[in-house]
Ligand SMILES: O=C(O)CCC(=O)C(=O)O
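Listed next as structure tokens is one chain, alone, in the form predicted alone.
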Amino acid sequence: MSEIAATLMQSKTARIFHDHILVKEPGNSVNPPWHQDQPYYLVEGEQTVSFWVPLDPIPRDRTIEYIAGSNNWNKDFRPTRFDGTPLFENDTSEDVPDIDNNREDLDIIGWAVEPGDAVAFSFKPLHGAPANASDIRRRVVSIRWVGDDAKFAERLGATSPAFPDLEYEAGSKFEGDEFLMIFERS
């Protein structure tokens, strides 16, 4: 995966940023807000990639969706919590457009996926996933990678995920024992 990440990022290196497991239990009505990943993170750069790897079969109506081309809008939208409140106090970034009420005007893409598949995307496209109204659990592992141009970002507060004990200088090269270099092209 690290070599694929480096290739997709057009980077000589692939450094792991973080991973997490996303579980939506049967009948879960939580519908996370449409968002971009990068404004939440303490890292920024053009060379980024997330792998969204299903552990269960996920039909098209319950899978992750993307606004095609939104990674090229050159905007960082205001990050919000799942309850809709801003992640950072005093953040004056633009709100995410009302995607759910304007779906017919947007190029929304997504795919039915099976265990062993992976969807790869940069930290910049707008994406979201619907609630799980089915009677089947939906489990996904998400693994985030950064490349050569990654730098620590200045944010208005604690990022998500938070790294409360990490000391860093905004604008400096993204590295450290917490973020292992897994692949380096010779």
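Just count from 1 along the sequence shown to find any residue number. Bear in mind the structure is a predicted one, so any value in this text is a computation, not a measurement.
From this point on, the text means the form predicted together with this ligand, which you will not see here.
Contact between residue 138 and this ligand in the predicted bound form is found at the 4.5 Å heavy atom cutoff. Contact annotation for residue 37: at least one heavy atom lies within 4.5 Å of this ligand in the predicted bound form. Interface residue remark: residue 59 is not counted as part of the site for this ligand in the predicted bound form, having no heavy atom within 4.5 Å. None of the heavy atoms of residue 155 is located within 4.5 Å of this ligand in the predicted bound form. Contact with this ligand in the predicted bound form, defined as a heavy atom within 4.5 Å, holds for exactly one of 129, 42, 67, 49, namely 129. Within 4.5 Å of this ligand in the predicted bound form, a heavy atom is found for all three of 24, 32 and 144. Contact annotation for 91 to 110: no residue has a non-hydrogen atom within 4.5 angstroms of this ligand in the predicted bound form.
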